[in-house]
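Have a look below at one chain only, the form predicted on its own, in structure tokens format.
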């Protein structure tokens, strides 16, 4: 495994670990784990008078606040860690919808062919003809509820057509292989061939594609958050952190820089790991 892939895998592990840790802190341990409350306004806040002690909400990096604080004195590191949970859920839901629904559908039409393939792939092509981000913005605007479930479900459903095309392309290639022809020759049922021979050989490529597609999903969720069409405040996401910090960019550029770096490095890491697994799955496919 190349060194860059190792670093990318380590970064993704830290993001996933931090997201789960943050969720356990707020959901199970009621904020008792060693992590700042992402919505608590610090910096000398006096609960009796409701004023800040120093009058300077934005703090630079320190031992108390590793990445400083934002314009209303919330810990930036804690908000980035909590923002990773939103990206993690959206990626997992979209990948699950794509791999399960799109993978099974694409494997089926690539194996069965005929009118079923024509009708399903025509529908997929119609959906793919629309710009993905524009269609997503339209659907999110229709659903006025801005919560994590709705955003994840909409992105997940829109991910299905792309996964379907990838699965169909691999299913067509696998269906013409010698072991599938041999299974047909000995009278194996088509459903058994599909479940035992085609789908298991389609899934490795589909999972590799899911890693690359996850990078696009992170960018899409960040774009929606930046526009205020994703999970609503005060829930922290990387996109809404960038949007809020841009107003104070002349005061402290770091508050835009940190969530932007978290988003960029995560996307780069997903691409690196996804490309590595795609190469491995291609080698495996050529040996079948």
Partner chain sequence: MLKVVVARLVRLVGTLFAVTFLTFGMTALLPGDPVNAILGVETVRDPAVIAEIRADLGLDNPFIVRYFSWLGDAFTGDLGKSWITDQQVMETITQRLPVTAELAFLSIILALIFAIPIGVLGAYKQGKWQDNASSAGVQVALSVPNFIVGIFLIWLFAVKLGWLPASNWSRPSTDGIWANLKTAIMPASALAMTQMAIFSRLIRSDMVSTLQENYILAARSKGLSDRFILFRHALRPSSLSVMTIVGINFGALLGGTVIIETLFAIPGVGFRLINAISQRDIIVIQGITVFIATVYVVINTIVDLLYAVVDPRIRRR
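Numbering follows the first chain given and starts at 1. Just so you know, these numbers come straight off a predicted model, no measurement behind them.
Here the subject shifts to the form predicted together with the partner chain, a form of this protein not shown in this document.
Novice: Using heavy atoms and a 4.5 Å limit, would one call residue 26 a contact residue for the partner chain in the model of the complex?
Specialist: Judged by the heavy-atom cut-off of 4.5 Å, residue 26 is well away from the partner chain in the model of the complex.
Novice: Heavy atom to heavy atom, is residue 9 within 4.5 Å of the partner chain in the model of the complex?
Specialist: No, residue 9 stays farther than 4.5 Å from the partner chain in the model of the complex.
Novice: Just to confirm, residue 181 within 4.5 Å of the partner chain in the model of the complex by heavy atoms?
Specialist: Residue 181: no contact with the partner chain in the model of the complex.
Novice: At 4.5 Å between heavy atoms, is residue 187 in contact with the partner chain in the model of the complex?
Specialist: Although the partner chain is absent here, residue 187 would stay clear of it in the model of the complex, with no heavy atoms inside 4.5 Å.
Novice: For this chain shown on its own, do 5, 100 and 113 all sit within 4.5 Å of the partner chain in the model of the complex, going by heavy atoms?
Specialist: Looking in the model of the complex, the three residues 5, 100 and 113 all stay beyond 4.5 Å of the partner chain (heavy atoms).
Novice: Can you pick the one in 169, 153, 92, 133 that has a heavy atom within 4.5 Å of the partner chain in the model of the complex?
Specialist: Exactly one listed residue reaches within 4.5 Å, namely 133.
Novice: Counting only non-hydrogen atoms and a 4.5 Å cut-off, give the residues of 209-229 close to the partner chain in the model of the complex.
Specialist: 219, 222, 223, 226, 227, 229 sit within 4.5 Å of the partner.
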